[in-house]
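Below you'll find only one chain, the form predicted alone, shown as structure tokens.
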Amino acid sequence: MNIRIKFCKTGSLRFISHLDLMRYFQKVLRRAEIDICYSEGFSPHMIMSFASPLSLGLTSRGEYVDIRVHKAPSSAEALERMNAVTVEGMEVLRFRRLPEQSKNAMSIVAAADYEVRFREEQKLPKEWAEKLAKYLEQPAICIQKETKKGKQEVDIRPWIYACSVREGVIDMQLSAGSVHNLKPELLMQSFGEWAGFAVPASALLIHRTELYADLGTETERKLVPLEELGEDIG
């Protein structure tokens, strides 16, 4: 049985690496007595796959991990058992059964929502929000992006699905996944260079709120939160 787990990572947990998070999650599953499947071979390991590793220092309420289990408790019981053994900063939000032939979360991530704030000590021009709106009006936004083949010029404008400002918070929906992955830090760095002021990654507080799969066509996007591809276990 394939299970998709949604969880949040906040507080001091934002300072642990993805590798440490994987190790910690394995402990949570063992302590919660979730009957997870193991791989075969000389060194068996839990069958689990995280949707999209979160960069160090970021927080999130939209993280996902897929696991395979021999049998599963009800969703309500699983949440109770797992949250009873987690530390402050992590909360398991969903425990849902996936269709048998479903693809794992890592392979289908297509977009992500973020909330971006500037740190209080960051000095900004008063009209930065208006400048951001003008920056986004450009038909093309070309940057130098580091790739496996070295630096290449790419147009990131098609990867910005939505971006708006509300009370000092920048809401973003950006392309994510293995095909086109745009990080908020890179977008804000590009904006700062265009607007004429520095926006280092250290000046930002970034909170990921959701991850999506794209169930649309080549011509029409249809983004669906990863949790909606599963169903609660009664």
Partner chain sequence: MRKLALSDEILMSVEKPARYIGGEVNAVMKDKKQIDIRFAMCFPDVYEIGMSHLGIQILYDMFNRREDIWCERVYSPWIDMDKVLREQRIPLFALESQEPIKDFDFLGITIQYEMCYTNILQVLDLAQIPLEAAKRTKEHPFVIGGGPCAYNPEPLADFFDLFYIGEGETQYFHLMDLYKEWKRSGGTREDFLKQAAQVPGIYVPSLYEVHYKEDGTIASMMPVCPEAPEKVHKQVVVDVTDTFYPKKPVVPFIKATQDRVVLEIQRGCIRGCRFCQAGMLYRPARERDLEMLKEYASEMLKNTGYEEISLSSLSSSDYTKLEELVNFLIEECSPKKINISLPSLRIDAFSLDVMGKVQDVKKSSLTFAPEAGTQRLRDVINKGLTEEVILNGAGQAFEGGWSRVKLYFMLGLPTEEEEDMKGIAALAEKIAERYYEVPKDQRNGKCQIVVSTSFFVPKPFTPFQWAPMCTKEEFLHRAYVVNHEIKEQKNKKSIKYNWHEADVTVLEGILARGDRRIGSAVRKAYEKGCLFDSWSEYFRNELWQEAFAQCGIDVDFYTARVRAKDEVFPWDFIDIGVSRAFLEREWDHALHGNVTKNCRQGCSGCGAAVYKGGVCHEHQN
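Residue numbers count along the first chain shown, from 1. The structure displayed is predicted, hence computed values, not measured ones.
Absent from the display: the form predicted together with its partner chain. The rest refers to it.
Using a 4.5 Å cutoff between non-hydrogen atoms, E193 does not count as a contact of its partner chain in the model of the complex.
Within this chain, R119 lines the site of its partner chain in the model of the complex, having a heavy atom no more than 4.5 Å away.
The shortest heavy atom separation between Q189 and its partner chain in the model of the complex exceeds 4.5 Å. The closest heavy atom approach of A162 to its partner chain in the model of the complex falls outside 4.5 Å. Within 4.5 Å of its partner chain in the model of the complex, a heavy atom is found for all three of R14, Y24 and P44. Exactly one of the stretches 175 to 183, 31 to 39, 162 to 170, 60 to 68 approaches its partner chain in the model of the complex with heavy atoms within 4.5 Å, and it is 31 to 39. E88 is the sole member of E88, E153, E100, E137 with a non-hydrogen atom lying within 4.5 angstroms of its partner chain in the model of the complex.
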